[in-house]
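Consider the single chain below, provided in C-alpha cells and representing the form predicted alone.
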C-alpha cells in the first residue's frame, strides 16, 4: 500500500524578485517547525528550498515550490517556467554558474545552488527542457537513511 503524501503548501515565486528572496524558504521552515519535524531535517529542507527559490528568481520567469510531508519524509518539488538547463551535468558541478553580473553583484550566482540541493537531498531528481523550464524533486528522509 503506498504511503500517504500530504501537500502542506504551494508557494509561488516570481522571477527577478530578489527583494523577496528567502521568503518562501522561511515560510516552509516555519511550517515544518509547526508540524514537529526534527530540526536536522528542517535545516536540510531550508537549504534546499532557499537554493531552489533563488534559482527560480535568478533564471526563470516564474515558478512554484511545493512542500509535501509524508510518513518518513519531506518532499520538495520546484517547477519553473523559464530558460531551462541545457547541460544538467555541467550545472550540477560546484562553482559552475551562468549568472549574469547583476545577479552576482547581489551576492547570488556562486554556482552552488544545484550542488547544495543534491548534497542535502536523500533522493534528488532534476529534469529540464531548454526554453521551457525545469522540474526538481528533493526528498529528505526523516530517519536520515
Partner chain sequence: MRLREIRDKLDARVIVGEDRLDLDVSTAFGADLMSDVLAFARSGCLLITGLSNPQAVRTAYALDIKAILVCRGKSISDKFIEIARELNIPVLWTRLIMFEVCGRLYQEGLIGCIRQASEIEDKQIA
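Given the structure is predicted, the values throughout are model-derived calculations rather than measurements. Positions refer to the first chain, counted from 1.
The discussion below concerns the form predicted together with its partner chain, not included here.
By the criterion of a heavy atom within 4.5 Å, residue 35 is excluded from the residues contacting its partner chain in the predicted bound form. Although the partner is absent from this view, residue 13 stays clear of its partner chain in the predicted bound form, with no non-hydrogen atom inside 4.5 angstroms. Proximity of residue 9 to its partner chain in the predicted bound form: non-hydrogen atoms within 4.5 Å are absent; the residue sits far from the partner. Interface residue remark: residue 121 is counted as part of the site for its partner chain in the predicted bound form, having a heavy atom within 4.5 Å.
In the predicted bound form, every residue of the candidate spot (40, 105 and 116) has a heavy atom lying within 4.5 Å of its partner chain. Taking a 4.5 Å heavy atom cutoff to its partner chain in the predicted bound form, the contacting residues in 23-41 are 23, 25, 26, 29, 30, 33, 39, 40.
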